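Here you get one chain, nothing else, as structure tokens; it is the form predicted alone.
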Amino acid sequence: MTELLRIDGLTKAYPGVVANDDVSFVIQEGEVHALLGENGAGKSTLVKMIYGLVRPDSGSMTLSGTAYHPTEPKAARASGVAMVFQHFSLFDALTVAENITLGMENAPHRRELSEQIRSVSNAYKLPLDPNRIIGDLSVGERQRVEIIRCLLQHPKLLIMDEPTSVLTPQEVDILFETLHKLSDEGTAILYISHKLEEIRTLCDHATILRHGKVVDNCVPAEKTARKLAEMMVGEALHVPAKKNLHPGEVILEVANLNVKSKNPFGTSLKDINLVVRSGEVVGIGGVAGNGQDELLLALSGETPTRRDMVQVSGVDVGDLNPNERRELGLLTAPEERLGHAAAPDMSLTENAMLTGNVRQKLSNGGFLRWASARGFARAIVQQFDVRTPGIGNSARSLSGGNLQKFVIGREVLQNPRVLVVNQPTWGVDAAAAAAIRQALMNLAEEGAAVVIVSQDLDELLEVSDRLAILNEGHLTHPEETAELSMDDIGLMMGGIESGSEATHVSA
């Protein structure tokens, strides 16, 4: 293989933390190279330097034998470096072609561009209609738009950040086929994922970061997923222990829940029925965009519902607001951690106050009890191993995985009767994901009713007692998890309910 990108001694520091410390490694042409590390290890900062979003304090890069120091993404793209981000940057109201045009410096005429989109997307088995509106596309199809936008630049290096977190197993297979084709054609791929079995299947080599430093490298196929995780964290990995509990009384009951989505491109909920008992974990799977956000908003009280649609321990909460539901023990943690679950520019103490005020009694007679709030924030940081210089730091300053640990910990430590979480371990490293899953199972063991909405099928199979699937706003009947195979669940996520006579069945 021929060397494509050489990174020598890259260092980047921020106040209170060294994000990358003398990082060096090489990526070869046509290689699929994994970048592994726990949350806060420095992966995001490193790829942002490669893509021109962040400038290093010291060190150098060489691309195809030439000095490479991009000052902005435009310069990176001109040099042959493209990136597909974890969070898509697409405008829902525009067409596929219009969105792709926005990312091009010298876009061709619309008809020519449409022909290029069709040609490239078909060649890589990612078919796209350039005239379709983004808001009408599935999440998997939206990812295709981002990939095709990159491929039209004919990149030498394609950076992919958590590309399979929102895909069905069938869509993952298609994506991997595309990446293998790109690799065979000489395109190098820098691949970031916390799904270690994917890394073992797809990647030729891996560089492992810990606390901003390169600590190891390996051929992933020669290691077990558990060994890769232990190389990342530097210690033995704790595997969550699931206990066979006997569910108790009904805590959460959802009956004939119908909610119209506030988002013009969202998915309305249709006749949702669900019963969750004390000591039980119910998983809800489904491809993103099938009503997950709408369900969480309806259960949290952010979207008003009619009476008798949602009950907690027999008490109707359908017309109660979020704080009133929290007082009764119905707590939620949304998918969007920065902006919805946490205020970006507020400190961790202030964010602890936001949702902990009612149940933790962080105010008295209208006066905020900041000493108690700081104590609560410290407890979250300590018990959930949130890596941060201090509780006075803003939520924005945390890595995505550490903010996720803070958000989940904040809700778990309030001793909810019902906890509904959406994507609890999205973008979280293996050790942190195991800790979060264990905390949710412990909560159920202590008598809470837990609902986990997730697109991670391995996660749902690991922690759920029963599993249902959201598809186009309908919820299938929850089945015993032990009776379902991965193929069954994948088909259900795609709209085909395994072993059923109808696609949509009420619980």
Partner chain sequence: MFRLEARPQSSNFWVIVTPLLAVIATMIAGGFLFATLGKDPLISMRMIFWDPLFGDFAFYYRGQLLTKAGPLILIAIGLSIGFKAGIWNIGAEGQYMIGAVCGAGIGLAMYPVEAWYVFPLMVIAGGLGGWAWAMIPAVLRNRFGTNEILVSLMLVYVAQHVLSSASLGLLKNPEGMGFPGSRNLSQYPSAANLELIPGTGMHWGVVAAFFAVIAAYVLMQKHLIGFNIRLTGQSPRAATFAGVIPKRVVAFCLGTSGALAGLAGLFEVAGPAGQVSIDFASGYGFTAIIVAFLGRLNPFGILLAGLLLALTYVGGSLAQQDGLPAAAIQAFQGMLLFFLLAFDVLSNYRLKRVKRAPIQKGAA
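Numbering follows the first chain given and starts at 1. In this text the structure is predicted, and so the values were computed from the model without any measurement.
Not pictured, yet referred to below: the form predicted together with its partner chain.
Its partner chain is not shown here, and in the predicted bound form it never comes within 4.5 Å of any heavy atom of residue 318.
Mapping the unseen interface onto this chain, residue 342 counts among the residues with a heavy atom inside 4.5 Å of its partner chain in the predicted bound form. Using a 4.5 angstroms limit between non-hydrogen atoms, residue 270 is distant from its partner chain in the predicted bound form. Its partner chain is not drawn, but in the predicted bound form it has a heavy atom within 4.5 Å of residue 332. From the list 124-132, 366-374, 221-229, 274-282, the contact stretch for its partner chain in the predicted bound form under a 4.5 Å heavy atom rule is 366-374. Taken together, the three residues 11, 64 and 156 all stay farther than 4.5 Å from its partner chain in the predicted bound form, as judged by their closest heavy atom.
Residue in contact with its partner chain in the predicted bound form (any heavy atom within 4.5 Å), chosen from 346, 107, 215, 379: 346.
Checked against its partner chain in the predicted bound form, the residues 350, 171, 253, 161 give one hit for a heavy atom within 4.5 Å, which is 350. Residues of 369-407 lying near its partner chain in the predicted bound form, listed in sequence order, are 370, 393, 394, 396, 397, the criterion being any heavy atom within 4.5 Å.
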